[in-house]
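Only one chain comes next, encoded as structure tokens, the form predicted alone.
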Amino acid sequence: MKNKIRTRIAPSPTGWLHIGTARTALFNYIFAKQNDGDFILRIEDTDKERSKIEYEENIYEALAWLGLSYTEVYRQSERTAIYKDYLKKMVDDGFAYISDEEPKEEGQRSSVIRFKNPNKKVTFTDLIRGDISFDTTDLGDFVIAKDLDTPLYHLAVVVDDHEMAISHVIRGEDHISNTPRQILIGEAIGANIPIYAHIPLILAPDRSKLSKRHGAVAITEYQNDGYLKEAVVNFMALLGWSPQAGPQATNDEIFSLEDLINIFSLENVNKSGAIFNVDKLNWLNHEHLIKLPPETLTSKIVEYLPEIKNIPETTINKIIALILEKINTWSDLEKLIEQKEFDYFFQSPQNITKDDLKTTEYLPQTIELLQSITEENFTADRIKEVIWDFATEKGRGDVLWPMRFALTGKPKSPDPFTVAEILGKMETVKRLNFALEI
């Protein structure tokens, strides 16, 4: 196991798993898969006051939805005896000491365990940023535990990475300043120092810190909002990584998780911040939607539009194509259905008034022209071909508006030629005659 690639994601269950941590998990997962290695989940739940079981469950749920499976899972709260052994040895060996402190407030503890800083220069090679050096003198003798039973972050993370034989620590650039402390602790306990890669932060469009308003929400919210996991994974990969570089450079931007495992490279991760662009996410989701297998699409749309099952399959496919033009996510479809956007495909509009139609002067000729088209040739292209010159001569608004409204009962809808094809010749003529009677 010593030489095996082992990466980890170490979220704290003090909040929902958001897109920044999920992207870090994705990069770690891909790197492990590329190298036939292990991807490990470590729940860093030593903050007893803020850690909550619902947040921990959300971590499991989000990673499962994204398809990021892990080979091992650990909880820091179950490893306190291990940390205690390391702390004792560090104190015994002179790498740490119990420091009596002046309590800031009455009743607070008066001692902590501090790391004895050797005050030296630390240099490490970052896979993304190259060589990085720190003079650790400014860090002083920093605190690594409140007491033998209560380790703090820096001690726990170094012990865990050592015990779990983590070979690569891939994490956000906000952790760069933590690295020198962790290297010092690693050297003190005789650990193999992992290879580091610090990925850029995800920023709002104005390059400010990403907030909930811009997309820093739980990954499960994207699931609930009707995004496909394939699109979210694709989007996260493009946050800071460029597919246009490297030996497998491509201008494509639509990738499955399997594609990413084949072409992703840490060396092609940018140093500068990654901009969260919800329009890009929506575009990617639309592209993944239209790539879904027809049976999957039909099955999903039936969940929202159960009445679609009662019409011929060829008509179903035409309606689905129309729906896909109007949505980026499943929640878009849900909203359109709430607005009764597609009702006219399943029931003829009844509450049409003469004012809605504006004019019925040319409806008789429109009906006559449509009647001239055979049932098998009743396609949008043929309908337009037959109607267009007449509409141009008499005024397109006066011909096409009443035709559209008679068919859909709506001022806004797909073009009347497409609607007529989907409805079929018999239903189209029937609705136009109903409007003519009005």
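Quick caveat: nothing in here was measured; it's all calculated off a predicted structure. For every residue, the number given is its place in the sequence shown, counted from 1.
In what follows, reference is made to the form predicted in complex with ligand GLU, a form of this protein that is not presented.
A.B. asks: So in the predicted bound form, does any heavy atom of residue 10 sit within 4.5 Å of ligand GLU?
C.D. replies: Result yes; residue 10 sits at the interface with ligand GLU in the predicted bound form.
A.B. asks: Counting only non-hydrogen atoms and a 4.5 angstroms cut-off, does residue 175 reach ligand GLU in the predicted bound form?
C.D. replies: Looking in the predicted bound form, residue contacts with ligand GLU include residue 175, since a heavy atom lies within 4.5 Å.
A.B. asks: Counting only non-hydrogen atoms and a 4.5 angstroms cut-off, does residue 171 reach ligand GLU in the predicted bound form?
C.D. replies: Taking the distances in the predicted bound form, the answer for residue 171 is yes, it comes within 4.5 Å of ligand GLU.
A.B. asks: With heavy atoms only and a cut-off of 4.5 Å, decide whether residue 113 touches ligand GLU in the predicted bound form.
C.D. replies: Residue-level check for residue 113: no, no contact with ligand GLU.
A.B. asks: Of 38, 56, 44, 398, which one comes within 4.5 Å of ligand GLU in the predicted bound form, counting heavy atoms only?
C.D. replies: Spelling it out, the residue with a heavy atom inside the cut-off is 44.
A.B. asks: Consider the chain as shown here, without its partner, and state which of 219, 184, 157, 236 has a heavy atom within 4.5 Å of ligand GLU in the predicted bound form.
C.D. replies: Going through each option in turn, the one that passes is 157.
A.B. asks: Looking at 149-157, 199-207, 122-130, 288-296, which lies within 4.5 angstroms of ligand GLU in the predicted bound form, counting heavy atoms?
C.D. replies: Among the listed stretches, the partner-contacting one is 149-157.
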